[in-house]
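One chain comes next, on its own, written as structure tokens: the form predicted on its own.
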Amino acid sequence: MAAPRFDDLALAVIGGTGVYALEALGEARELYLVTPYGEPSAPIRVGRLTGKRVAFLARHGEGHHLPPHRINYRANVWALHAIGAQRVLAINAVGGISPEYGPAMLGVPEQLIDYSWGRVGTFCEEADAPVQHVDMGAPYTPALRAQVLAAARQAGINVVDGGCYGVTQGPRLETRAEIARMRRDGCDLVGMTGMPEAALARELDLHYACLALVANWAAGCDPEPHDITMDEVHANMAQASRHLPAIIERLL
């Protein structure tokens, strides 16, 4: 279907691993869009939260059927832009590298390093598309970062301010040597979906920020080393994601 446009769209949320819906979203309408770049990962759900219009998109699909390298990032970002999004809050599941980013913590990173490969990372791919050399010195919009941090403070939720998110290819987890390299590079977090999403949002002039949920210690970073289990990851994600409604409500 053609994309309807909502001039009063206050916020678009992209949900990552473990966040496949906004349960509090009322009067939700499902939009099944086809973009010039293909179909988004899932229908966009547009409804109201605290009286404000909000859009939600599950990055991996609502059944988590898309691995990080198979996500159509261009279709996702273009679709949100097409329906009127100006502010995008990206929720990303990550592994913690720095001590302050332990399991179940939340953080708002400030920087990115992209270690992924083979992903289409620009809307300039087509022959007739104008070339954009966007400034990615600050990959996340400072004003929206500040708003997310303020919303967390107002909700009384402890959130780490700052840090660098290293984006790996996935879907496998990283080796200890890879994490050691990333630590030397200055990474505080590791995840698989931070890019090219941030760059695509910048090309469309969207205000974009990341709220990272720490699912586990990255390889070699656990003060009490043990094998990572999915039960542990799911428990940490459930603990971290319970804070999302309060932060999003105040962000609105």
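Note that the coordinates shown come from a computational prediction; the quantities given were computed from them, not determined experimentally. The first residue of the shown sequence is 1; numbering continues from there.
FYI, the form predicted in complex with a small molecule isn't displayed, but the following is about it.
Original post:
Does Ala93 reach the small molecule in the predicted complex if we count a contact as any heavy atom within 4.5 Å?
Top reply: So Ala93 counts as contacting the small molecule.
Original post:
Is Met192 close enough to the small molecule in the predicted complex to count, meaning some heavy atom within 4.5 Å?
Top reply: Residue-level check for Met192: yes, a contact with the small molecule.
Original post:
Does at least one non-hydrogen atom of Asn76 fall within 4.5 angstroms of the small molecule in the predicted complex?
Top reply: No.
Original post:
Would Ala215 sit within 4.5 Å of the small molecule in the predicted complex, counting heavy atoms only?
Top reply: Judged by the heavy-atom cut-off of 4.5 Å, Ala215 is in contact with the small molecule in the predicted complex.
**OP:** Taking 4.5 Å between heavy atoms as the contact cutoff, choose which of Ile83, Cys124, Leu173, Leu149 touches the small molecule in the predicted complex.
**Re:** The residue in contact is Leu173.
**OP:** Report the stretch among 215-223, 51-59, 33-41, 194-202 that approaches the small molecule in the predicted complex to within 4.5 Å, counting heavy atoms only.
**Re:** Of the options, only 215-223 has residues within 4.5 Å of the partner.
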